[in-house]
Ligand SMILES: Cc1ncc(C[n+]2csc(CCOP(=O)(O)OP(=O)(O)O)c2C)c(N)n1
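Consider the single chain below, provided in structure tokens and representing the form predicted alone.
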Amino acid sequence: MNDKPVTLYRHMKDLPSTHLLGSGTAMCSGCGGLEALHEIYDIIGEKSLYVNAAGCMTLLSVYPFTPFRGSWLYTAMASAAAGAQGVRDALDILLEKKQMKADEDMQVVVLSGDGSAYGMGLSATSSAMERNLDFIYICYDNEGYGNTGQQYSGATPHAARTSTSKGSSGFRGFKKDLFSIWAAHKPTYVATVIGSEPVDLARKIEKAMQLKGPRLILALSPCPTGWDYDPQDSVEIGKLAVKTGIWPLKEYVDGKVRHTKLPKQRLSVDEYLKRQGRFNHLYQPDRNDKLINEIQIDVDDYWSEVVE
């Protein structure tokens, strides 16, 4: 068997961390998903195996290299959770047969976009939760099929314009509540995060690492190319998602939902929407108060039911 890829990998993992996770790859400038993944990977560490569903983050790998110091497995968009099951089963068999030491065990991590997490891969993921699979599922949610032209997905918000919803009202549907879909399965842990709030994110990853079973980290991932804004504004767009209450930071653990950051004086959704070209049709040539108010009322209704 040709061991050249292994030799190359051993050479690559000796590179400094600045060469990892995105440097020299074809990722877009200002990618909010990569921002979150950098922060998550720093905590999970190299004793990990990433099962990467087809999507934007597939571009991190250029054979025979990947930017991960641990291991990486590519799967089709719908198959990541099934792949994670096979990997976890294989590791458990090796541990049981004492062919691998306990300190050599790896954390199994699914890495997927919203196209897989909210849609194509949801069936396999539901089955994995039913089997109480011990894995962390990271979804970088850029609210559309970002790798193929920003078509609408199950995560696309109401009224956003996408390449497949170009009418005057944008996307007529509504974003799925993946947090609640996961929580309905009664998994070990579910959390929403965003790279713009790194302390909140770090605390949740550290908590998830101390637990076993199915764990979801759902990261809103501002996307300059899909959302149409200047890449340098990604952090600010992320902060506005939290400050307007559009992206609640919360966690589900022990059967209860707890909000980890309460926007005491929420900004108007205008402050978030008007910064993104995908919502320009709500303001030009005339302001569409009806649709803007629908979005604001939806956010207000959510927070009116939050009791902490």
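Computed from a predicted structure; not experimentally measured. Don't overthink the numbering: it's just position in the shown sequence, from 1.
Form predicted together with this ligand: not shown, discussed below.
In the predicted bound form, no heavy atom of Thr156 sits within 4.5 Å of this ligand. Contact annotation: Leu133 falls outside 4.5 Å of this ligand in the predicted bound form, judged by heavy atom distances.
Mapping the unseen interface onto this chain, Asn147 counts among the residues with a heavy atom inside 4.5 Å of this ligand in the predicted bound form. At a distance threshold of 4.5 angstroms between non-hydrogen atoms, Met120 is in contact with this ligand in the predicted bound form. Although the partner is absent from the chain shown here, Cys56, Asp114 and Tyr140 each have a heavy atom within 4.5 Å of this ligand in the predicted bound form.
For the options Met77, Leu201, Leu178, Ala124, the one in contact with this ligand in the predicted bound form, meaning a heavy atom within 4.5 Å, is Met77. Residues placing heavy atoms within 4.5 Å of this ligand in the predicted bound form fall in a single listed stretch, namely 48 to 56, out of 271 to 279, 243 to 251, 257 to 265, 48 to 56.
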